[in-house]
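Heads up, the chain below is alone and in the form predicted alone; it's given as structure tokens.
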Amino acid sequence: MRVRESIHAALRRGVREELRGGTVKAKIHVTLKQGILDPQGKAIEHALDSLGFKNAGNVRVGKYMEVDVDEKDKVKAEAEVKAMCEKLLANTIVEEYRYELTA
């Protein structure tokens, strides 16, 4: 019975990998631009200090996202991720973003 279950699990993995054949994973970091006040970062910095972490400073809080992009062409995938960041994921007036694409 276990052999049969492993075969089915392997087949399911194979199907998922085949479907992901053209998928690129985008790892996106969004942070406030330098000079923009970060009240959440300041609150964390204060809490760290009161917990005895005296060496922590200049805490900045941001967002991290992972997005699977179904695109085989890495140049097109990068253009799509950039458009996502510009149009929705980052407020480019006060935030900056960076991303990394992996297969």
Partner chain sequence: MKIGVVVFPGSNCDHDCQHVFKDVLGQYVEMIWHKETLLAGLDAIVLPGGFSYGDYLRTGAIARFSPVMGAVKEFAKGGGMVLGICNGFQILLEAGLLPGAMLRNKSLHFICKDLSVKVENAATAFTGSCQSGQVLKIPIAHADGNYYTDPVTLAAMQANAQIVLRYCTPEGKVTPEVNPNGSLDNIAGIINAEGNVLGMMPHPERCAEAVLGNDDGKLIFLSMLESLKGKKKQLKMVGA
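All figures in this text were calculated on a predicted structure; none of them were measured in a lab. Numbering follows the first chain given and starts at 1.
Below: the form predicted together with its partner chain, not depicted.
No residue of the trio 22, 67 and 76 has any heavy atom within 4.5 Å of its partner chain in the model of the complex. Taking the partner from elsewhere, residue 63 is found to have a heavy atom lying within 4.5 Å of its partner chain in the model of the complex. Using a 4.5 angstroms limit between non-hydrogen atoms, residue 87 touches its partner chain in the model of the complex. Remark: residue 39 counts among the residues lining its partner chain in the model of the complex, judged by a heavy atom distance of 4.5 Å or less. Using a 4.5 angstroms threshold between heavy atoms, residue 32 counts as touching its partner chain in the model of the complex.
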